[in-house]
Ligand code: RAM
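Below you'll find only one chain, the form predicted on its own, shown as structure tokens.
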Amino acid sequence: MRTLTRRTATLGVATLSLALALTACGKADTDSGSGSSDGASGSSSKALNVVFIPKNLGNPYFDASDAGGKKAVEALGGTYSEVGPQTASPDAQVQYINTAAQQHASAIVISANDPKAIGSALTQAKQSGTKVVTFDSDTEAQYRDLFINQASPEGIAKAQVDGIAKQIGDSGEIAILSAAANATNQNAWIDLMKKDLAADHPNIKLVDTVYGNDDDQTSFDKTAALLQTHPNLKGIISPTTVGIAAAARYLSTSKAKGKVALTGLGTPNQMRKFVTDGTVAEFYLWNPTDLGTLAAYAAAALADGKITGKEGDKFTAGELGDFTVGADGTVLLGDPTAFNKDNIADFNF
């Protein structure tokens, strides 16, 4: 497993009002008359303004990713805003997509709550001239220009399955605590986990998959219910940062601590105390700050006309280096990283 060496960023994203942000964008258009100042200037004379729409606000994962996006957009001389729903639902994202398009944002960077439900709104945004970049969770390809993929689905699934297998002795009952039932990334990983379990871990039985909807209390309650429903449970995989933290919080004060293993996808800052107290041995994630940074640079390159999103297009993402667009308009950040007591102190996001 590759260890991340890229510079991380301290969280601190403030949620901005879309109306105010886009008013500022309009002023920048009037005052500037040129594109971004570092790598996004060129064919476009319109000032860069990028709207980030996470699955939901107040989510530590998106706080981290959007912090990377903010820093990148501002480094490029553009205007950044983050808007979105309080709860992760596709219908709630549509109004923010529509408003950004109506205000002629240069680009929308969005983590989709559904692969199809926001498609019409994104299509209209593209038709109005706004570039669409998905990250973390994709739509169907026709609705966006690029997808910034945090890691290959196969790599993410394998890391979590191999991790839980190692922790439970490659035998016993496990469950999955996911986010929303229609989240494209979650479902893709779960399907691959099932295949990995069947092919390489025949003595591990997946007995249940439940959904916490990326809500802390719901995920906490689902964890409690799993342990009550499956008294022989030996492990839980939670491929969502909200879910794994909520599950760890429950396990840390329950009789199951040290008896039921927990792994999945989390951030070092939210999981550090649970690794330190022995609730969690190891978990995984890519660097979400880098993911947001890459998405912002990709959005700027699209808005400036440097790339179109076709396979083989190349662009530079600041200190992250050079990237090439792959099949289906996908750009891959890299492999997930294992976090445990030996290295978790080295990371701050």
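In case it trips you up, residue 1 is the first one in the sequence shown, and so on. Bear in mind the structure is a predicted one, so any value in this text is a computation, not a measurement.
Not on display, but discussed next: the form predicted together with alpha-L-rhamnopyranose (RAM).
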| property | result |
| --- | --- |
| One stretch from 93-101, 178-186, 76-84, 193-201 that, in the predicted bound form, holds residues within 4.5 Å of alpha-L-rhamnopyranose (RAM) by heavy atom | 178-186 |
| Joint contact, A72, D290 and F349 to alpha-L-rhamnopyranose (RAM) in the predicted bound form, by non-hydrogen atom at 4.5 Å | no |
| alpha-L-rhamnopyranose (RAM) contact at Y297 in the predicted bound form, heavy atom, 4.5 Å | no |
| Interface membership of T241, alpha-L-rhamnopyranose (RAM) in the predicted bound form, 4.5 Å heavy atom rule | yes |
| Contact label in the predicted bound form: F283 to alpha-L-rhamnopyranose (RAM), heavy atom within 4.5 Å | no |
| alpha-L-rhamnopyranose (RAM) contact at T139 in the predicted bound form, heavy atom, 4.5 Å | no |
| Partner-contacting position among I108, I174, I148, L265 - heavy atom within 4.5 Å of alpha-L-rhamnopyranose (RAM) in the predicted bound form | L265 |
| Residues of stretch 208-236 in contact with alpha-L-rhamnopyranose (RAM) in the predicted bound form (4.5 Å, non-hydrogen atom) | D214 |
